[in-house]
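First, one chain by itself: the form predicted alone, in structure tokens.
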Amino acid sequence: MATTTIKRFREAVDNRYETIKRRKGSQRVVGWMCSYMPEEVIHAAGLYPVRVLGGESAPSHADAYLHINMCSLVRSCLEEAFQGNYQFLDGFVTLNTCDNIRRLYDVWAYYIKTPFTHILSLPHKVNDDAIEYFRTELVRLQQHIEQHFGVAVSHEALRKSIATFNQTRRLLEALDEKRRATPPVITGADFLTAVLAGMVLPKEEFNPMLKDLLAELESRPSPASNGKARLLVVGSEMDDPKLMELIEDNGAVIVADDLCTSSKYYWDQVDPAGDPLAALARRYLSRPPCPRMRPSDQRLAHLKELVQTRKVDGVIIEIMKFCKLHDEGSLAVREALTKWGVPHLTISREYNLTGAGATATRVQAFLEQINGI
């Protein structure tokens, strides 16, 4: 049963436009996409960073501007913008993470006409040269923000923002410990809801709420061991807990993930010492990588560690249709899981979950395979 704070998180995510508008006040809001985006730079300028998410409407308007073979995430986000749901944004920032997001940025900047737009160039490798290059990209973003909004972003302001976001990451790591317990104290769906709430709520409000949630879970009686299969979920961007709920409703528990809207968001801290922009560049490039990064060794090593430390019985690989990065990257993941002897299931899906009945049947069959039925 969901706790009081989880219900508040769910309400914040489900009604995110009203959530943001109520908290905006005189503060200017900057939307962002991709978990490689260092929100701290936006936050240090006195701006309110929020993640741009899609909606439930069919992308009928957006499909006139983005090709149908682009993933339904970017088409849904653009549809929300065309519907006027992002009129409150004072800025929109993203990275050239993939071709789909790059094209979304082009159309957004030209047709939506959000007052401030900026795109960062993201390296494909993680080494000292790449980190220095990304630092120069953050300098460029900082200068553009200062020029457009008429603010000054000092090193001290950046360090304060880093401290705030590091606290968020530490609290989410503590919540993750509740998810990995035997048996878990929080469901995978509720965990994802909590992380998503942190992408739309101001961190100054979100962090105390996370503390409340941890206290609620501490006072909750320990659940009895249920013998359910412990699963790891990896794959494309997921900002709706419905798929997690479907999996867990069919007799599994999700104890770990490798998703940009979940574990990648809070994994690893930013070093508070030294040049703050260099520290941000290092943390955001060095955290568990997505398939964009080459080679794939670091990603596979991270997945193997999750499988072993979380005592995972099986892995579900979910891939959004036309998500080229995760589709191509899943080949190496499937080969590695087969080599490690870990059962795995690949689910192809749209941004909004469709065909739930067929998906549930496949999940049930997969769990029967794990349980030897």
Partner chain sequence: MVVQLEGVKEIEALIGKFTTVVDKLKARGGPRSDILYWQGSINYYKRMHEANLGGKPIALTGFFGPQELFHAMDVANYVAENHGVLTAQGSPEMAPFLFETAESYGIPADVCSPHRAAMGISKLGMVPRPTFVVSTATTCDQTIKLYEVIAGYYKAPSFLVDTPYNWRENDVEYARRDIKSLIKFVEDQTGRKLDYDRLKEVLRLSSEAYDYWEKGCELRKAVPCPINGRENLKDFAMMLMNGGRPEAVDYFKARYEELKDKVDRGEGAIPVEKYRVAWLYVLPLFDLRIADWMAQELQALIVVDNWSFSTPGVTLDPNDPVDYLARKPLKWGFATWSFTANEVGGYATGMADLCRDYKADVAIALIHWSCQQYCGNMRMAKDEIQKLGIPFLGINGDLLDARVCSSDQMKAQIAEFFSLLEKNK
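Being a predicted model, the structure only gives us computed values, none of them experimental. Numbering follows the first chain given and starts at 1.
Below, we turn to the form predicted in complex with the partner chain, even though it does not appear here.
Of the listed positions (G329, G54, P49, G314), a single one reaches within 4.5 angstroms of the partner chain by any non-hydrogen atom in the model of the complex, namely G329. Just one of K242, R220, H155, R294 comes within 4.5 Å of the partner chain in the model of the complex, counting any heavy atom, and that one is R294. Looking at K324, you'd find a heavy atom of it within 4.5 angstroms of the partner chain in the model of the complex.
In the model of the complex, at least one heavy atom of Y105 sits within 4.5 Å of the partner chain.
At the 4.5 Å threshold, heavy atoms of D99 reach the partner chain in the model of the complex. Contact check for Q27: every heavy atom lies farther than 4.5 Å from the partner chain in the model of the complex. With the partner left out here, the partner chain still marks one of 268 to 276, 118 to 126, 166 to 174, 145 to 153 in the model of the complex; by a 4.5 Å heavy atom cut-off that stretch is 118 to 126. Highlighted residues L66, N69 and E137: every one comes within 4.5 Å of the partner chain in the model of the complex, counting any heavy atom.
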